[in-house]
Structures are given as C-alpha cells and as structure tokens.
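Encoded as structure tokens, the following chain is the form predicted alone, with no partner shown.
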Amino acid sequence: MTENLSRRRFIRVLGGSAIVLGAGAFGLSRCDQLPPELLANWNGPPATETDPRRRALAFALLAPNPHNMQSWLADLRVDGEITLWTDRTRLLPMTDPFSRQIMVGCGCFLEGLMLALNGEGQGASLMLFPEGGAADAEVGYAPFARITLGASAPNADPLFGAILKRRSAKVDYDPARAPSVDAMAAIKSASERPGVRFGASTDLPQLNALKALAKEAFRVEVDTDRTYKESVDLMRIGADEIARHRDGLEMHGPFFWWMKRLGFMSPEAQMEKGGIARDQARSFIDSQVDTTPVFAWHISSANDRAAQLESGRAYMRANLQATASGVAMAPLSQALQEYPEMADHYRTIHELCGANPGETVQMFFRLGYADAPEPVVRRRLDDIIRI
C-alpha cells in the first residue's frame, strides 16, 4: 500500500514537470545555488593570513576524506608546532567500524599539509605518533602526527600547485578514453610511499568483475539499514543545509530543491524500504561505474595506523598527480568497508586486486576523463584548530 502510494505520488511529480518547467529557466537554473562564500576555501588562504601554520592548514583541509567528515584537528598551542589529532566526534562507526578509512583520510590531510608547508617555502620536520599509538589503538586518544617548523626552505613539490584544483570526480567518465600510459606512470610514480604499492587494470574481464563488485557492494550498503542510515544522516540537501553543516554528503540544485520540498528527500522517505528514494539509491553509482575505463588501488603491506596514514598520503599524491595530468579520479570505498554484511565483497576485492596474504587494499578508485565537478564545501579554518 505504502509503496503504491509513493510510486503514484512520484508519477504525479513527473507528470507535473511541465508546470515546474513553466516556472521559467531562472527558477530551474538558479534555485539552490551555493553562495560563493561557501566555496571560498578553494581560493586558498587570504593574504591577511600570515601564520605559516594556518596558511598550510588552509590548503590541507581541502584533502579528500570519507563522507566529507573532515575528521581532523590541529593543535597550535605550542609555537612553531602543529600537532594533529583525529576528531572522535567525526567518525563513521557503521561503515568504518575500525576507523581505517578515517585514518586514510587523515593521511590525505597530512600529505596536503606537508606539501603546503613545502610549497610556501617553510621547512618542517614530521614525527608520526609522537605519543605512541601507531598500531591498532583507538583513534583520537593520542595525536597521529607532530610537525615542527624549521628555518630551511626546501624546493617546492610541483604537486602543491594542484591542491586548489583537485576534485573527487564522482560523475560519469568518457568510457572510450582511458588515461595514457604516461599519465598512469606519472600517477603511479607520484603515489609511491613506504610500504604502499599502486595497482591498476584495464583488462576487460578484470574490469567487468570489478564493476559488478562495486555496484553490488554499493547495494549492500544501501540495503543494510544501519549503514545506509549513517549516510542518510549525513546528507546535506539544499544550499541552506550545506551552509549550516559544511560537511557530509552534498546534494543541491534544482532537482534536489524540488524533491526536498515535495517530501521525497526527508530522512523517513530515504529510509523507507521499497520506497522510491531508497530504490533509486541502490543504482545511484551504476552509471559512474559502467563508464569507468580504469580502476586503480593502493595496497599496503601492513594495516596498522601508520600504514593507513601512508596509504592516505599515497592517495592524496595520486589524486594531485591525476589533477595535474588532466585525469579525473574518485574513490569507491564500499567493498572495502569492514562490517559483517560486506565480508564476502571485502574478500573478493582483495582477490581481484591481487593482494597477497597479510596485505590490505586501502583504497580503490576510478580513473578516466570528465569535466571537473564543482568543489565540495569545507569547514572554516578556525573549526579545525585548537588554540
């Protein structure tokens, strides 16, 4: 009964599209736009920001990370130092119960920070886990890194120049155009980190197996109530909600604006089994996956916190090199999630990516060509700083 009512209501919405279109091009193209100030982070730090630590952090907070949770904090209370912590209020306990992916995201942030210090001519030395906790400790109870500023100015890493242009291109790719051999070699070379190796495939049988796995793993996450609810709770639908939170999964534009106001994007509607929203969500990434010409991955020889950070640093560098090479890139993390319902897919992706016993596939991602998407809104610099 409920499903039929939902479907009839959805059909009425579609049938009324002419009325919506009749509102005029302005109403469809301009409603729910993000104000420019929400994307100001992507312009880099303002000239008035003179503390080299804060300037570097302004670049680092643009790093890719799970569900855009931005699970990092920077302690600046000691002059000349930056101490980094994982923010325990910004974890993903349902889809990432061991906080492995959160730590990979912190590694992306760390690499962005080191590149920014380097890129602005600031010497710095790094110590991981300065108070211990490098193995399997719970995240957030001890700092994961401490950076001490120095006087020497090293040569800038050219990847620094790609930070403001980097995107996670979660869109359809050109299926007929794979990155060149040279572009792939550059991405592989850029992402080399201790204990982390890069792999990729354009082999059709392997590619098809990975595509099928990626789509099925996404459906498992959507069909499992507690994991899907974690995402639903983090959906920021509409520019006003995005501005209020500045994190999570952004959805904005005319389609989402109307769907939210018509009741299809409420948390209850999203969670309804057999409902339109959840049914559509199951195939949300299918087109993205089907148009992917290359899958790639990072495999670590260990899986302690240090290895997870190094994997994040490798992924950040790969993403920046892809940007510099004009290649689109985006993660596909579902099959790497570690909860019981995903166990079979977790084993399968390790097999398909050629992980040896004891190794861990830390990141799985798409490579191809696409127009650069709009950047994602980030938190304010002061929101991540302890002073």
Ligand SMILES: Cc1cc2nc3c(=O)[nH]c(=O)nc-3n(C[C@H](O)[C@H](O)[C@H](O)COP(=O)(O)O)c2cc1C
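Quick note: we count residues from 1 along the sequence shown, nothing fancier. A quick note: this is a predicted structure, and the numbers were derived from the prediction, not measured.
There is another form of this protein, the form predicted together with this ligand, and it is not shown here; the text below is about that form.
Student: Hey, in the model of the complex, is K170 touching this ligand, heavy atoms inside 4.5 Å?
Tutor: Result yes; K170 sits at the interface with this ligand in the model of the complex.
Student: Under a 4.5 Å heavy atom criterion, is S333 part of the interface with this ligand in the model of the complex?
Tutor: Yes.
Student: Can you work out whether G112 and this ligand are in contact in the model of the complex, taking contact to mean some heavy atom pair no more than 4.5 Å apart?
Tutor: Flag for G112 set to no.
Student: Using the partner position in the model of the complex, report whether S71 sits within 4.5 Å of this ligand, counting heavy atoms only.
Tutor: So S71 does not count as contacting this ligand.
Student: Which single stretch, out of 174 to 182, 148 to 156, 192 to 200, 104 to 112, brings residue heavy atoms within 4.5 Å of this ligand in the model of the complex?
Tutor: It is the stretch 104 to 112.
Student: With the partner left out here, which residues of 349 to 387 have a non-hydrogen atom within 4.5 Å of this ligand in the model of the complex?
Tutor: Read in sequence order, the residues that approach this ligand (within 4.5 Å, in the model of the complex) are M363, V376, R378.
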